Ligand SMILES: Cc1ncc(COP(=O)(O)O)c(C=O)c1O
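Here you get one chain, nothing else, as structure tokens; it is the form predicted alone.
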Amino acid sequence: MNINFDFLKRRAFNMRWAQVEEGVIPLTAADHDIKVHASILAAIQNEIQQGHLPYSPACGLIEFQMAVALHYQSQKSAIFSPDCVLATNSAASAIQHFFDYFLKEGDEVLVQNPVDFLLAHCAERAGGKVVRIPTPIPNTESENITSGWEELVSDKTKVLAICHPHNPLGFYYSPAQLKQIADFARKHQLTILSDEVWSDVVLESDFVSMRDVDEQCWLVYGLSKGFGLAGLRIGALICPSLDERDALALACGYVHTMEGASTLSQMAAVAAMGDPQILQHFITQIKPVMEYAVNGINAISFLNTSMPSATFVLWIQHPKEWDTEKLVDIIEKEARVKLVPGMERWFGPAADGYIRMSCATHMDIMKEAIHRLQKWASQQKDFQRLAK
């Protein structure tokens, strides 16, 4: 097992190895236990060995911008000019800067329910009001996936924000479904923000970016999920045009060096996106781990989940009458496995009754975690202590 646990216990934060008690397995934040690919590390070392660490261009290195554009063209069916790309200090920063630039106090933003908390959190920080839209996992091409959205639009609604692929539900939209979303946004004169940070972790057929059907949308991209570069804090905001990129860069502090992405991080990203085998190797590693976890969870009588078509997280359902936070706390104390509770503050109101599990780990770690969970579940007699 090629995992440096001593290092992770010192450095892996955000509810992971450095923040749990000794002996607890954290399947929490969507980060890797798997080591970063050697060619990415070599790119960082090569940059350092030059002996200089100067400022990079305000909006990002041309190598980075070109790598993002080529990556999207070859892997995500989207074509745009490299000068539409703004290099950001993480995908989260890209989301925040979009909302800071775009929203005025009181503007409304349509945000999926459930979805990872960052979209709503960043919109609210920028003075926006979040309006939750229903987001079931699409079942058919013909399904009206914008059903229930129409009555939530008002004259204050400015943005439709989607997570594509979706965290935590683990699906991604087909081109036909993306067109439905784009048509809805066009009808109501809404700007689309598509969070595509998970677009490198696709487990089934090819991924198509929202940019393929709507040239005016804004995209958020990052390299923490597919490439395990969370600690490098590297992301991108892909803007509709050079003019829009420059206007946002000026408004959000890039032009005056208050914001910007590390040169080392950008060059690591260039190496990552330049080798398609890196992603394929990662998917080959995690897919059987996820399948094992799905089967193991479904063998527990009171839990249920399914294999996602994208992401490496599982959305696990428990009985509705149970308190999710109590359940997760008890599992951590008694089974020694830490999971993420599906609470409103993390994912929105529709998360009630669910737990999220990250699977970007070694098979041996997952086997031990599932063994602990199954053993703990088999010993449970008093479920009243889990009641709300």
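The first residue of the sequence shown is number 1, and the count goes up from there. None of the values given here were measured: they were computed from a predicted structure.
Just so you know, the form predicted together with the ligand exists too; it's not on screen, but the next bit is about it.
Only one of 163, 86, 293, 109 lies close to the ligand in the predicted bound form, with a heavy atom inside 4.5 Å, and it is 163. Just one of 270, 310, 118, 153 comes within 4.5 Å of the ligand in the predicted bound form, counting any heavy atom, and that one is 118. Contact annotation for the candidate site: 306, 316 and 358 all lie away from the ligand in the predicted bound form (no heavy atom within 4.5 Å). Using a 4.5 Å cutoff between non-hydrogen atoms, residue 90 counts as a contact of the ligand in the predicted bound form. For the chain shown alone, residue 197 is a contact residue for the ligand in the predicted bound form, at least one non-hydrogen atom being within 4.5 angstroms.
Although the partner is absent from this view, residue 224 contacts the ligand in the predicted bound form, with a non-hydrogen atom inside 4.5 angstroms.
Contact check for residue 233: a heavy atom falls within 4.5 Å of the ligand in the predicted bound form. The chain is drawn here without the ligand; in the predicted bound form, the stretch among 252-260, 204-212, 110-118, 178-186 whose residues come within 4.5 Å of it by any heavy atom is 110-118.
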